[in-house]
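A single chain, nothing else alongside it, follows as structure tokens in the form predicted alone.
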Amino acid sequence: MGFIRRQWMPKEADEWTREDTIAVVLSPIVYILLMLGTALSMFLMWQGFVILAAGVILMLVMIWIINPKLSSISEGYEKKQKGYIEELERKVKWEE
């Protein structure tokens, strides 16, 4: 699927892209479908189960789209934090 980018560098992933827009559009739709599907399913209405299934499928699509970007940002943050902690420990131990 060439339309959705799956490989990100932390610096690139921090910028707003098409994947973010897709996630922002899908997010409220997924929420509405899940809530409505759950409510109707509790009344054992077949439409509720269909709506709930559609919500779950769209949620999985949204996660598939945005997760590589979030993972890349998280990895970059962890590297920065590790460097910061090491520097802080050197300063606290007066190693400089």
Partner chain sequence: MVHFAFLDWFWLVTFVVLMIGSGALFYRLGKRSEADFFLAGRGLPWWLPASSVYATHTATDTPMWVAGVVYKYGLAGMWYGFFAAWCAVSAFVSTKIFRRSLAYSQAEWQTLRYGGMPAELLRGWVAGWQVFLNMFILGWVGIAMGKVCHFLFGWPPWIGLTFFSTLCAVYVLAAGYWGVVMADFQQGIIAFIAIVFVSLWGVHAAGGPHMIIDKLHAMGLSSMLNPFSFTGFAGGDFPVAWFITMLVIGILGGLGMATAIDWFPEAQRIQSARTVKDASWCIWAGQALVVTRNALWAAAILGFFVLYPGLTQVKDYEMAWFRLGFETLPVGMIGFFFAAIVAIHLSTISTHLNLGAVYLTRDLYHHYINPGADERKLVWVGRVGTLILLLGSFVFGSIMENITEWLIFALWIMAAGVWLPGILQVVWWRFNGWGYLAAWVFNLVFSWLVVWVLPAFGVLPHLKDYQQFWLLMLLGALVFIPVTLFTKAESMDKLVKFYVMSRPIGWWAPVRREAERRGLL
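Whichever C-alpha set is largest while still superposing within 1.5 Å between the two forms counts as the rigid core. Numbering follows the first chain given and starts at 1. It should be emphasised that the depicted structure is a prediction, and the values quoted were computed from it without experimental measurement.
What comes next is about the form predicted in complex with the partner chain, which does not appear here.
- Among heavy atoms of K11, some come within 4.5 Å of the partner chain in the predicted bound form.
- Taking the partner from the other structure, the partner chain in the predicted bound form has a heavy atom within 4.5 Å of a heavy atom of Y31.
- Shown alone here, M45 lies within 4.5 Å of the partner chain in the predicted bound form, counting heavy atoms only.
- Within 4.5 Å of any heavy atom of the partner chain in the predicted bound form lies no heavy atom of I57.
- Taking the partner chain as positioned in the predicted bound form, the residues of 45 to 70 that bring a heavy atom within 4.5 Å of it are, in sequence order, M45, M59, M62, I63, I66, N67, L70.
- With the core held fixed, D20 shows a CA shift below 2 Å between this form and the one not shown.
- Superposition of the core reveals a Cα shift of less than 2 Å for M9 between this form and the one not shown.
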